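There is one chain below, alone, in structure tokens, taken in the form predicted on its own.
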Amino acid sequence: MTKQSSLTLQIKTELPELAKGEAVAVCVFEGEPNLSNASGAVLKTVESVMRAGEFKGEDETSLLLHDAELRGALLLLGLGQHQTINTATLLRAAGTAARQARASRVKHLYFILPDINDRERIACAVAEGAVLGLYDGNFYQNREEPLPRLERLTLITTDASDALRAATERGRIIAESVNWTRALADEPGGTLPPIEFARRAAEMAEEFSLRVETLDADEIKARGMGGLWGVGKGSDNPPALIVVRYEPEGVEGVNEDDELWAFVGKGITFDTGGISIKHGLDMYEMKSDMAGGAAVLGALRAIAQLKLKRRVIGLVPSAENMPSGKAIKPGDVVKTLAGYTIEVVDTDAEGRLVLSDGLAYAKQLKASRIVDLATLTGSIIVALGSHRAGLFSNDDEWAKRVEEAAMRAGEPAWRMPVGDDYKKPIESAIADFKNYGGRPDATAAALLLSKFAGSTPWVHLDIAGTSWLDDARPFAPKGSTGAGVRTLVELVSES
């Protein structure tokens, strides 16, 4: 994993005359260009293009023009209908702008902020989207010439207040943490076994003054974490439980007896399916089966920098799921940290086994609220596709808070049912539960996890569909998306 290039961000109230290597980006609504922040040659060119029907402003569309009067490039970004504008739309538009500017060897991009309410939110989203757009997971490519760099982004707005600058800085911090998360999830499984995953977590924690602890295989086994130990014992690379704490020391209004929130992330660094081995097609994508764990760590990375007012602990039960003579077998029974036994019907349903111990440990640490994130089931992709995470919960108020935070963050989630009317797939004849019972698997898996959350307010986010892009998009390359980081940061921010 290589260090992502930085982007200098600034704010100005007027668009200067463009020089060589500079461009200006303008957002356009479908059928109604909203250009009150634009003037002169920019306004004239946009109006001409719109009248000619060369650009309509539809969502996720863009048009790059080289304008002699501007002496630089003009990039039009479609935002779709005015009434449908949201954070995700702006993130995508800013990401597209950054990637197109870089591809055109633009060094300095001016971005005229659209004239919409809540300018701080808009500035944060644009800064965030631009930094996200510059991410690429091509760490192992050899190039004779370095890739072109976009070095500076200047937001053009009528307001250059301190609050707007703070919002822009917030966007940068969050986006850089998302990119750090994406780089972890894009890393090949061969170079990121659980112990290396833990080492990188510790390296990050030291940089941002977080407390970190790693439980090794011997301690995992000794403490009775049979779910995590059972999955991890089939690999030559031992499992690990990564524990990262954020204690907002010195932050006004926070006491050590305040609520402790736990974020638990599935950390399967490579998933072959174990003895119930997967087919080979696209198995390489299973290097990102630790995307939930990476998102938890990325969120803590941002929360620490933003100095948010909430005690948070991140737990990442991490293992490789491999077939071997030591591997867990279908029909085996594991005893979890919570004391429950689970019949392992399918070793490829391993995520719920490691999360069961992660959730139980969060409760041992006195967490008052829990969110877990996992690339858990293929069935959630069938249900919701790649646009929304599945949200399951045992508490309506907590579910609503997480759902609203996800929407504000531009990572929408959809509430799914979880209850004992779906219990048959997890009923076992010889153990307390079984880990797989067929469809609807996303709900059955969530129901199993709910037994380990107990009465603690809990949300499970199944990010199997949102954590990975199968193909490159104008605003992002193929690969990891860093799903979940922005939701967790937003959730902590509003508390």
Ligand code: BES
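Just so it is clear, the structure is predicted and the values come from calculations on it, not from any experiment. Just count from 1 along the sequence shown to find any residue number.
One more form of this protein, predicted in complex with the named molecule, exists but is not displayed; see below.
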Heavy atoms, 4.5 Å, the named molecule in the predicted complex: which of 416-424, 344-352, 397-405, 130-138 makes the cut? Say which one.
344-352
Partner-free chain; cross-checking the named molecule in the predicted complex, the single residue of 309, 329, 278, 221 with a heavy atom within 4.5 Å is 278
Which residue among 88, 333, 166, 381 has a heavy atom within 4.5 angstroms of the named molecule in the predicted complex?
381
Using the partner position in the predicted complex, report whether residue 177 sits within 4.5 Å of the named molecule, counting heavy atoms only.
no
Counting only non-hydrogen atoms and a 4.5 angstroms cut-off, does residue 376 reach the named molecule in the predicted complex?
yes
Would residue 286 count as touching the named molecule in the predicted complex under a 4.5 Å heavy atom rule?
yes
Is there a heavy atom of residue 372 lying 4.5 Å or less from a heavy atom of the named molecule in the predicted complex?
no
Listed by sequence position, which residues of 456-470 have a non-hydrogen atom within 4.5 angstroms of the named molecule in the predicted complex?
464
